[in-house]
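Take a look at this single chain, the form predicted on its own, given in structure tokens.
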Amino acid sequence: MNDTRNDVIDLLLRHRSIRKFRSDPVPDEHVRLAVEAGQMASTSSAVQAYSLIRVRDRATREAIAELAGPQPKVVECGAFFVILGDTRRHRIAAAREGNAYDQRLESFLVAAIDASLFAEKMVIAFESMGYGICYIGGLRNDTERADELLELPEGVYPLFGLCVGVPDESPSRRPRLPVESVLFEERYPSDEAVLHQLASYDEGYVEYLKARGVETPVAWSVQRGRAYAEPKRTHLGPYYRGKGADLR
């Protein structure tokens, strides 16, 4: 197998999250093509437990932008989508066959995984057309409000938003963990080895923050160690259970 770099790998390595967009709209045919490409992502047993809603209405986008941060780019980007874990069609199919829908945590995980794989492949398609993207995890700050805005039925789970549009910035590359920190042979390394790997990454991450103008840069591992001291978005479990997800 030819292991040299190619255009696809170069495209992936050029990825940057874009937070400033021009107002140019994303044509419907580009959206449809990207969605079609996204649908070619692997899906567990052809379940295809995902869907997305394109939000065009400005008032709705403004409301989502506010609950997500606020994040003005939700309004400013050429196209905004909400990515959904979707078990609705499966529930309807079961009911038509006279069967109960009795699915547990595995079903919810499959929906979340399927939707994420679909979204990422769709993103690659958009980036190959010259668009920039930014995932909006802040959508989960207030899932009940997002649910209300989108009028979602039982079995449909809002997971994250997605901004797509023509970039109006060219940000520097945020450093990732070195390959040696995520690719292991046969067994997971010791905690000491993990900490040793993090030390050099922390140094590079601090330099990256300094270059971005951060006055008091904090090492990546310190940031993460502080971030997980308190639970986040504790409403999500009750919300998803209320939407029909059995998380047992």
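In this text the structure is predicted, and so the values were computed from the model without any measurement. Residue positions are given as counts along the sequence shown, with the first one as 1.
Although it is not shown, the form predicted in complex with a further copy of the same chain is what the next lines describe.
In the predicted complex, a further copy of the same chain lies within 4.5 Å of some heavy atom of M40. When contacts are judged by a 4.5 Å heavy atom cut-off, E127 counts as touching a further copy of the same chain in the predicted complex. Remark: V31 counts among the residues lining a further copy of the same chain in the predicted complex, judged by a heavy atom distance of 4.5 Å or less.
For the chain shown alone, E169 is not a contact residue for a further copy of the same chain in the predicted complex, no non-hydrogen atom being within 4.5 angstroms. Residues L109, V110, A112, I113, S116, L117, E120, K121, I124, A125, E127, S128, M129, G130, Y131, I133, Y135 of 109-137 are found to place at least one heavy atom within 4.5 Å of a further copy of the same chain in the predicted complex.
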